[in-house]
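Below you'll find only one chain, the form predicted on its own, shown as structure tokens.
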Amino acid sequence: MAELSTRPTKDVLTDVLLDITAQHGLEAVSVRQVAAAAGVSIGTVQHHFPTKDAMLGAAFTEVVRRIRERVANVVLGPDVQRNLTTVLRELLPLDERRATEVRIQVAFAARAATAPALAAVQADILAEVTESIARVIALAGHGTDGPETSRRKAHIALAAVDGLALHAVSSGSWLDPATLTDALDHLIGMLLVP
């Protein structure tokens, strides 16, 4: 049971929500389930998350915050290609923490396909990440690619990383960490060829 006295209740509920989603999928997420796992009343959960989509939005936002924090802590060097590879590896399920995050992202993306409010959150995040990747690709190309080409390559990179991540968490051991990193390295190499 989560300890409510040392952390804000909403943070505890969000962590419980992340745990339930990662272990059992979105089907298992309910106000009742979150309340029981957190050891609080249903009313407490509804106070912080009035709808299921509000709960899911909070969970996804927290996962994105954690990924951004990790990416921000990556030490970048002069090799732009290496920097891009290092940052994109943070989006792959190369360890249990990242695998949990990917399972949550996949669940969120599936729900966003039929929930306009969640789709808007998804679109904002994808646009932000794509622009960040496009800037790095432009730097790696030393100005040989225009903004549209860099953005197109960024879309390809993000779609490929998302696809690799999806396949890794949905296929058992078909894609292990070594295969994922090798595929990413090849992808980056292809995208950065002038």
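In case it trips you up, residue 1 is the first one in the sequence shown, and so on. Everything quoted here is computed from the prediction, not taken from an experiment.
Although it is not shown, the form predicted together with a further copy of the same chain is what the next lines describe.
A heavy atom within 4.5 Å of a further copy of the same chain in the model of the complex is found for one listed residue only; from Leu166, Ala54, Leu139, Ile42, this is Leu166. Proximity to a further copy of the same chain in the model of the complex, defined as a heavy atom within 4.5 Å, holds among Ala134, Ala160, Ala58, Val31 only for Ala160. Site residues Ala127, Arg152 and Ser171 are all in contact with a further copy of the same chain in the model of the complex, judged by any heavy atom within 4.5 Å. Using a 4.5 angstroms limit between non-hydrogen atoms, Glu27 touches a further copy of the same chain in the model of the complex. In the model of the complex, at least one heavy atom of Ala119 sits within 4.5 Å of a further copy of the same chain.
Looking at Val71, you'd find every heavy atom of it more than 4.5 angstroms from a further copy of the same chain in the model of the complex. Though the partner is left out of this view, Val106 does reach within 4.5 Å of a further copy of the same chain in the model of the complex, counting heavy atoms only. Contact residues in stretch 64 to 79 (any heavy atom within 4.5 Å of a further copy of the same chain, taken in the model of the complex) are absent; none meets the cut-off.
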